[in-house]
Ligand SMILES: Cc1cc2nc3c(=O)[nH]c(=O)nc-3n(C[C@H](O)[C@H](O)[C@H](O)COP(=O)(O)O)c2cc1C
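Below you'll find only one chain, the form predicted alone, shown as structure tokens.
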Amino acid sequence: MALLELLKQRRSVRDFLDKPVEREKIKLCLEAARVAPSACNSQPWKFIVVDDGELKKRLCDKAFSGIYAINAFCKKAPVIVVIVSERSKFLARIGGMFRGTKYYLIDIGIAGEHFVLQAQELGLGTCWIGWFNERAVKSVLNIPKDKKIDVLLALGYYDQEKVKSGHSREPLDKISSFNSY
């Protein structure tokens, strides 16, 4: 499949089938994330895959309760992937301070999108989650308190016929220009 076609097919999935995801497919997604570019080749990420049913239930019950309940649909996802932000290399941190840019966020965004696109190619659906109880996630998965978790990914099979077409997108001439603003 051509890349642009794959990109146009990708949707945020919130209704997953009750079907486990094969570890081999998860590993392919992780490999896609592993080869993502990052500032100064920092690779400031660690992916924690939660596919054990009991652990995932405990994680979701705590991560998506109270004010975070809007993302309770994640409980139906067979897999939750936790992207832990690790420390960038010194030069990336210094450059980021001068530029006022948190390069590690860009880096995990690229790696996460590599994961998501590989999942799409394999017939798996994903949803980026940024609203969750970070403290609860750390507690359930024994993640050190000084680590930062900015993103969770829900992953699983879905009914491709039921997924709505994507949100409308602005026309190209509205979001781009050549040679000046």
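Being a predicted model, the structure only gives us computed values, none of them experimental. Residue numbers here begin at 1 and follow the sequence given.
FYI, the form predicted in complex with this ligand isn't displayed, but the following is about it.
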| Non-hydrogen atom within 4.5 angstroms of this ligand in the predicted complex for each of Trp45, Ser85 and Ile110 | no
| task | Look up in the predicted complex whether Lys19 has a non-hydrogen atom within 4.5 angstroms of this ligand, and give yes or no. | result | no
| Hey, in the predicted complex, does Gly130 get a heavy atom within 4.5 angstroms of this ligand? | yes
| field | Distance check, Lys25 to this ligand in the predicted complex, heavy atom within 4.5 Å | value | no
| query | Quick one: is Lys162 in contact with this ligand in the predicted complex, heavy atoms, 4.5 Å cut-off? | reply | no
| field | The single option of Val151, Val137, Leu124, Ala32 touching this ligand in the predicted complex, heavy atom within 4.5 Å | value | Val151
| field | Partner-proximal stretch of 37 to 45, 137 to 145, 66 to 74, 51 to 59 relative to this ligand in the predicted complex, 4.5 angstroms, heavy atom | value | 66 to 74
| message | Within 4.5 Å of this ligand in the predicted complex, counting any non-hydrogen atom, which residues from 1 to 30 show up? | response | Arg10, Arg11, Ser12, Arg14
